[in-house]
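What follows is a single chain, given as structure tokens, in the form predicted alone.
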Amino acid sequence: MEKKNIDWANIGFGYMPTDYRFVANYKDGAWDEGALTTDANITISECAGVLQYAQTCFEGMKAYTTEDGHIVVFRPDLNASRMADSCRRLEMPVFPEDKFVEAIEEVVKANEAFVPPFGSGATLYIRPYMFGSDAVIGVKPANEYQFRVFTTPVGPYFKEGAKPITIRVSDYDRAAPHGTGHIKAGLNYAMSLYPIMEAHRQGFDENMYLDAATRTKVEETGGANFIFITKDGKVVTPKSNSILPSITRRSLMYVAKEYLGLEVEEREVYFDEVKDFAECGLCGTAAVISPVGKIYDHGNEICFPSGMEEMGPVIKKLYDTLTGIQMGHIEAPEGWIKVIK
């Protein structure tokens, strides 16, 4: 299929409508078969559950063109499983995990002309989401739901290369100890908007959230998980029941151990020990890893030895290895790459 006439090298990280999206509806206790549609608009009741009580969750992943010309998606089964967990926590009907993966495949195939070519640095971002669609005025779960998947081509997250960022320790709490921090609920992101804009207004790129109970342990940023590298080369990531289980982070930890032969550890990370790490990164779908050069803590600065000019050596190896797997340069573990075409 001929590609769309898009300046692939210069598109940003924003929304560009594509030709098709997938829609399925839940009514009377069951999901319909779902279908592709060209209509990008949604019509719902003014009293819809999503509008009144924020009953919605979402996922995010990418389709890539590999060096040998295949279109692939990275570990969509894990996105399906995580969305199922989100739905259960929000009292929403689970969209069957096998049907989830099939919907992703169907949408990507239908929008093949929007999948950026290999070497452009761009990818096709895929956004599955679900919401309560019928009228709900009492505080209770909706009775009807809609599951949708749309796609949009996006440019490389780092146009000028992955320069280390500066983050601050936030005074706000991201998630309660027994709250919804472990699921990808829209409400989690709504409450993070003010803190992130406040951080930007103060000249910082991101927030570091500490645990709400004791404010002594590192959690995440709200949009990404942390990865730290010790001075002896160990890869450490925070463990907490209120951290979203990042698919990128889980993949990086596997890569660190099985591909690079590094020691890995998922454990509670106390903020007091952050100053002793050699490298720090934020990992997620959009950027894979964003290197952190400096953390600002209420007048005190933590500067990592890796510096503010480029990724630290271990994080660079992790980044290169995982992106190599995604792009087809490096053989992937079984089941990680879903070939669409």
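Note that the coordinates shown come from a computational prediction; the quantities given were computed from them, not determined experimentally. Residue numbers run from 1 along the displayed sequence.
One more form of this protein should be noted, the form predicted together with a small molecule, which is absent from this view; the next part is about it.
- Each of Lys184, Gly222 and Thr285 places at least one heavy atom within 4.5 Å of the small molecule in the model of the complex.
- Proximity to the small molecule in the model of the complex, defined as a heavy atom within 4.5 Å, singles out one entry of Gln146, Thr248, Asn111, Thr237, which is Thr248.
- Here is the short version: of Ala175, Leu244, Ala103, Val115, the single residue with a heavy atom within 4.5 Å of the small molecule in the model of the complex is Leu244.
- Although the partner is absent here, Tyr129 sits far enough away that none of its heavy atoms falls within 4.5 Å of the small molecule in the model of the complex.
- Although the partner is absent here, Arg82 is a contact residue: one of its heavy atoms lies within 4.5 angstroms of the small molecule in the model of the complex.
- Although the partner is absent here, Tyr259 lies well away from the small molecule in the model of the complex, with no heavy atom inside 4.5 Å.
- At the 4.5 Å threshold, heavy atoms of Tyr270 stay clear of the small molecule in the model of the complex, well away from it.
- Residue heavy atoms within 4.5 Å of the small molecule in the model of the complex occur in exactly one stretch of 90-98, 164-172, 214-222, 137-145, and that stretch is 214-222.
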